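Let's start with one chain on its own, the form predicted alone, as structure tokens.
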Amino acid sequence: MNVGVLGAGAVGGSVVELAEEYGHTVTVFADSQSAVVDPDGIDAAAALSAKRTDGRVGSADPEAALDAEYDVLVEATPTTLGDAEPGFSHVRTALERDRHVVLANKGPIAERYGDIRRLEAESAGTVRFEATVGGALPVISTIEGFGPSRVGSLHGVLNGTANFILSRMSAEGLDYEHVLVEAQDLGVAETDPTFDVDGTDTALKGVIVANLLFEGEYSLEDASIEGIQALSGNMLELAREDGQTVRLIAEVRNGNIRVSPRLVPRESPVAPSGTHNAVQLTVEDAGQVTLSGRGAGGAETATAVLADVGRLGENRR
């Protein structure tokens, strides 16, 4: 498949770096300031090197990216809330050209799911979004595999930064502010970690799952959200003495989306350590199905993007 990649952050850059290994050709790569376009395949190493040294992937106008030749557009620009722009317009342009879209950007599928589905229905292109929930974890494809109507609920950990902070607080009895600084020093937390620690990032993933399970038009406004900022080291220490721990849990059940810190047994399948994610699906006739693993990171999330590109290629045969 010929792939166009919008967004040159950790995920977009990793998609460009790994695409050839997965049998695909990157024909366009763009950041917010520039683009590099070649219908025969761009020089991925040169573009990534230019991004590191010059802050730009190439010399072409980024507006040229959407008009370039590609079979699949990978939308990996930063997530925005509300109107989900500019990601939503990128998706619309690709679908109006009858091209496929793979999303790593959570905004369009969380905030404008109904609009995306309506555009998809009028296009020969298909929209996939595995990478928007759980990084490398195959949450979306597992739900699709069982059939959304057979999956009753999801609950578990869907944010590696919050989980790292809670794991360290629980293990060492440290306070939130202390561990947050440590996480930022290690590159686990962003300079501005608000969306990770206040529950917004986890809630966006819950909204995406709810849209898939219940064929609704849920958005962030439909989620009940409580973050981890108010938790103290003493609270986690008391939980540990009682054989429990605290995790930021996403729950999607009966059309409701809830994100909040919860007490869970320390040995629970949904009490992973560090930056890992873990979720349980309740599946008709199959019971509890657990998925766990690396829920974030450029290369990890890129594997989910490229798995979606591969699925689109299989459907084309």
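The shown structure was predicted, so the numbers you read here are calculated from the model rather than taken from an experiment. Start at 1 and count along the sequence shown; that's the residue number.
A second form of this protein, the form predicted together with a further copy of the same chain, is not displayed here; the remarks below concern that form.
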**Q.** Partner-contacting position among Pro138, Gly227, Pro193, Gly233 - heavy atom within 4.5 Å of a further copy of the same chain in the predicted complex
**A.** Pro138
Q: Check whether Leu291 has any heavy atom within 4.5 Å of a heavy atom of a further copy of the same chain in the predicted complex, and answer yes or no.
A: yes
Q. Applying a 4.5 Å heavy atom distance criterion, does Ala10 contact a further copy of the same chain in the predicted complex?
A. no
Q. According to a 4.5 angstroms non-hydrogen atom cut-off, is Thr79 in contact with a further copy of the same chain in the predicted complex?
A. no
(Q) Can you tell me whether Ala286 touches a further copy of the same chain? I mean in the predicted complex, with a 4.5 angstroms heavy atom cut-off. (A) yes
Q. Exactly one stretch in 89-97, 68-76, 143-151, 166-174 has heavy atoms within 4.5 Å of a further copy of the same chain in the predicted complex; which is it?
A. 143-151
Q) So which residues in 1-40, when you check a further copy of the same chain in the predicted complex, have a heavy atom no farther than 4.5 Å from it? A) Leu18, Glu21, Tyr22
